[in-house]
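Next up: just one chain, as structure tokens, the form predicted on its own.
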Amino acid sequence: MKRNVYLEDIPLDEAQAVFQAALQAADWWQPLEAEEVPVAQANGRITARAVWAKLSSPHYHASAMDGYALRAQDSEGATETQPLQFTLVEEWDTTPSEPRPIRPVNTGHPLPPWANAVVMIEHTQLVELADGRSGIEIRASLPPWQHVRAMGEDMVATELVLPANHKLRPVDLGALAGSGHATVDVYRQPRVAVIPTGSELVSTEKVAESGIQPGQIIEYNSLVLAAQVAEWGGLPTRWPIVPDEFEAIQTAVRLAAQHHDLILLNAGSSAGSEDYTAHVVQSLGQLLVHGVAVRPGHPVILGILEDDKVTREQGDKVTNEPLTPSPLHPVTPSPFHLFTPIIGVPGYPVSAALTGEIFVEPLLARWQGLRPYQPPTIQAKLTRKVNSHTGDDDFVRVAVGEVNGRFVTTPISRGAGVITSLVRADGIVRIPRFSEGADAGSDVTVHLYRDARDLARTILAIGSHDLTLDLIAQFLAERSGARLASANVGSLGGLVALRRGECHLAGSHLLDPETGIYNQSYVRRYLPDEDVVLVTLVGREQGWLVPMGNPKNVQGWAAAARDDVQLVNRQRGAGTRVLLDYELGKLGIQPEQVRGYGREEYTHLAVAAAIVSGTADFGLGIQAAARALKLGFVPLAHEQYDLVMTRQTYASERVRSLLELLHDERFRTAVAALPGYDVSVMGKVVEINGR
């Protein structure tokens, strides 16, 4: 098979238009056929046609209280001083001959045909009448239909209960049943095959059994895509991993096309020598789009499979082979159709998830009679400049917080392979083509992943990375429901963000080389007019992260200048970088003498990962990062990590739960268990007054 190439890299709106036109031509741009399901199984389904009440609800005049049914006109004149007495009767369907008949009823019981009101039992008194029979005395008159649920109060027969294209909720099921319906017509749920491809992929089950080897990748995109499909109302089928072989992928697609309405073929959509998705689509139908100008998600493939090509026998009898996927539901044939849409989903996890949101959700919504989902949006101030490729629509993941009465948003990791960036994201900022990005301080529209009300409980931290921040987030969620959202931009970046009012607090560990004191001089320099409070979070041990056993014997600060070792550095402005520069300066070592000095990572764990991967021999970081990735550690310095905030924030209700946490024994014990951490200084407060 020849090497695959991009056919064209077209704008997003054009790609969507091409796909829609092909679906319309194939008679696929309309809701699926209806099916009748029991009301009890219809929650979350979409009504295929309007539902009209078969019965009135209630279908009789019903008592709304425990009490006595009577004729309202018989109660006229009753007062506290002149009560009226009524005769208890048994008659139900004929008007009693008694002058003031009254009959016991319970809540929900039908009223006798002659009654039109109910008096509450607590407003009556049992008495003996003059003729010796039992009677009821009341001390207030009643208007007609007092405490009565009149027939049709809720619904009247033939009234519209629910419109078509309505997503059924639990309360809707009650309305359906109450109006006499045992079943309801809903659109059939789209059946979607999710086929992961890649010879390097291994399942989570296999990893659990035998571990994972270098070069192997855990397959989880199908988990994400299948869960998205289910959340959007579809029925997903997860296929087993298919190796990077043209015939194997083609066979899987042909089988899936016979039983599903949509195929998501994951990975193999790029331009590598083992990327076969485009060729498979071409061999079985029409390749409409190969490459869309979006980031992340460039190598998206959109196509239509044709029935005559799918069912044609090639070599062995493909159409007679048994289905062998690991389904999330039983695989049964779909109604016959001549064409099946297929989407080649990029292999990078963020690209895969966003492809689902951009292309799959709108199609599934259309098939179920719904409009595509439109997430809630807010306007927020951007804390950092975002550079964007001029020819692409850029989907930037962001953290969001409410600071000083307005929303601020800060970009988080942008790598297409960083699935945790979507986990941590509060929303997406869409940078349109040809804009070249967005400047710091500009207002942007954030398409939210979270309820905006959650943002009011969010503490936004920008600054230096520390593992303790993850523990804080965990404990806050358990204790108070508050959220901690953090962005790693380095200590100096955090102080600048705090000065601009773009965060609630900044994590900082900046050493003043003249005094040996952490953070205070930098706060005075960068926030000279603010009253600031420094709250010490932890003491930390910094040192060289090295492979286990320290095979190259990296010792002391002078090792940075050796020509036989490769460094991985932290980004400019990080406290760790400041410490490194300070110590190298004391030894007279210039940056250009350090191999790898220009390679930058934004977290301690990223530095550790670079060493584990073998692309670097050592890097400066904390001992906990070494322990996390099973590296060796050469201690070099002890430092102080502070949470920096304005006095106003320090006194606010928003951070109260976080400050209380610093004195919680369970939390302190959890932090102390991290290697190289000192909690004896935790909670220490230093106030710095602005001029």
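The numbering used is simple: start at 1 and walk along the sequence shown. For clarity, every value in this text was computed on a predicted model and none was experimentally measured. By rigid core we mean the largest C-alpha set that fits within 1.5 Å across both forms.
Below, we turn to the form predicted in complex with a further copy of the same chain, even though it does not appear here.
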Residue 40 versus a further copy of the same chain, in the model of the complex: is there a non-hydrogen atom within 4.5 Å?
yes
Taking any heavy atom pair closer than or equal to 4.5 Å as contact, tell me whether residue 351 reaches a further copy of the same chain in the model of the complex.
no
I'd like to know if residue 477 sits close to a further copy of the same chain in the model of the complex, meaning any non-hydrogen atom pair within 4.5 angstroms.
yes
In the model of the complex, residue 228 touching a further copy of the same chain (heavy atom, 4.5 Å)
yes
Honest question, do 66, 151 and 374 all end up within 4.5 Å of a further copy of the same chain in the model of the complex by heavy atom distance?
yes
In the model of the complex, segment of 169-177, 549-557, 288-296, 519-527 with a heavy atom within 4.5 Å of a further copy of the same chain
169-177
Heavy atom within 4.5 Å of a further copy of the same chain in the model of the complex - the one residue of 248, 444, 440, 164 that qualifies
164
Contacting member of 127, 338, 212, 456, with respect to a further copy of the same chain in the model of the complex [4.5 Å, heavy atom]
212
Counting only non-hydrogen atoms and a 4.5 Å cut-off, give the residues of 626-653 close to a further copy of the same chain in the model of the complex.
628, 629
Per-residue C-alpha change between this form and the one not shown, residue 601, threshold 2 Å, rigid core fit
yes
Taking the rigid core as the reference frame, is the Cα of residue 623 displaced by 2 Å or more between this form and the one not shown?
yes
Verify the C-alpha shift of residue 218 between this form and the one not shown: is it 2 Å or more after superposing the core?
no
